[in-house]
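Just one chain follows, in the form predicted on its own, and it is written as structure tokens.
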Amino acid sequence: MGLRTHQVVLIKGDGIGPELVDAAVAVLEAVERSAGGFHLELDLHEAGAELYRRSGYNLGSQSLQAIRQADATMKGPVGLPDVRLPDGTEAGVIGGVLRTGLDTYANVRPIRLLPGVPTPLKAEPGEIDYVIVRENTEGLYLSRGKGIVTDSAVADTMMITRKGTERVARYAFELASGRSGAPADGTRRVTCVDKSNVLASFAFFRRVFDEVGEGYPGIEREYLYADAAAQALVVRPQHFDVLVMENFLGDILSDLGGGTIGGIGLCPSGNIGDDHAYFEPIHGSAPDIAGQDRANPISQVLTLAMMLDHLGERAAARLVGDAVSGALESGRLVIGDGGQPVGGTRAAGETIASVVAELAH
């Protein structure tokens, strides 16, 4: 029997991105040796701020074509604060290109408290385990580069459509149907987060969410205004299972969730559509610590796990997740002050890779 082979585009990104991706690749190599049966053919491409600085574009047409043809893409964080477009926005970020260009409408952001990680909340591993599903192709961010600008005012428009809301809500309900429910009570639950008390666009989002939810009678539906949700994710995170929301709100609240579990350096994400998917940490490129072997690679390693699961390599995905938890729980991998791994980025990746080998035997 031959190996199951998956074509994967790899983008190392800017700042700490190359260090994180190298650590994740070391873990991948350990998983391929230990689990066997599959292989990822990695096709390296450049994208981001450094490419823009040299060439005037942040993603080449050949790279975009390779991404379209690949089974999946994994990227490190891209963008640098000092590399800007004429309108003042960052020039290196490629999310707008990929999310709309690939129609990856569901931005899936798991928030899970891992063992051995200091957290500002009084919570134990297993008590925080939910997923934010962020609509990824419309909402307020659809106005990126399209705002109306004068010397005296600027207007950005938020667009919410029935199609966009239906499909992201359906994704959230399908995701909840395959989970074990909220940690507090085991209830499969999808929470709609909006500001329908203020804006008609959010009232529309809630109405369409309800219509989709009627097709999932076994899953509880609930509703929270975004400001109330921000408080609840801190005060009672154990209550949540899956949350679905508009693009801008999802961007903000997923970072809040990351703060409750020890920092966004622990948070992976997937951008998933019907035909394409790409995977990345939710945080930025942290140029202030780039090249110093200080960045936390866990977000990138868990991003690898999400991609493996999407590719159907579920045993390998579980092995990666178990290795991260095992390395932390045993104390072999320690997350210190500022969310940085004791011993450095490379050593953290090597530790997780070694635990992979141990768990597989």
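The structure presented is a predicted model; accordingly, all values stated were derived computationally and were not measured. From 1 onward, residues are counted along the sequence shown.
Absent from the display: the form predicted in complex with a small molecule. The rest refers to it.
Chemist: Would the small molecule in the predicted complex be within 4.5 angstroms of a non-hydrogen atom of every residue among Tyr141, Arg144 and Asp251?
Modeler: Contact check passed for all of Tyr141, Arg144 and Asp251.
Chemist: Would you classify Val93 as touching the small molecule in the predicted complex, given a 4.5 Å non-hydrogen atom cut-off?
Modeler: Taking the distances in the predicted complex, the answer for Val93 is yes, it comes within 4.5 Å of the small molecule.
Chemist: Contact with the small molecule in the predicted complex for Ile282, defined as at least one heavy atom pair within 4.5 Å: yes or no?
Modeler: Taking the distances in the predicted complex, the answer for Ile282 is yes, it comes within 4.5 Å of the small molecule.
Chemist: Spot the stretch among 93 to 101, 179 to 187, 219 to 227, 151 to 159 with residues whose non-hydrogen atoms come within 4.5 Å of the small molecule in the predicted complex.
Modeler: Among the listed stretches, the partner-contacting one is 93 to 101.
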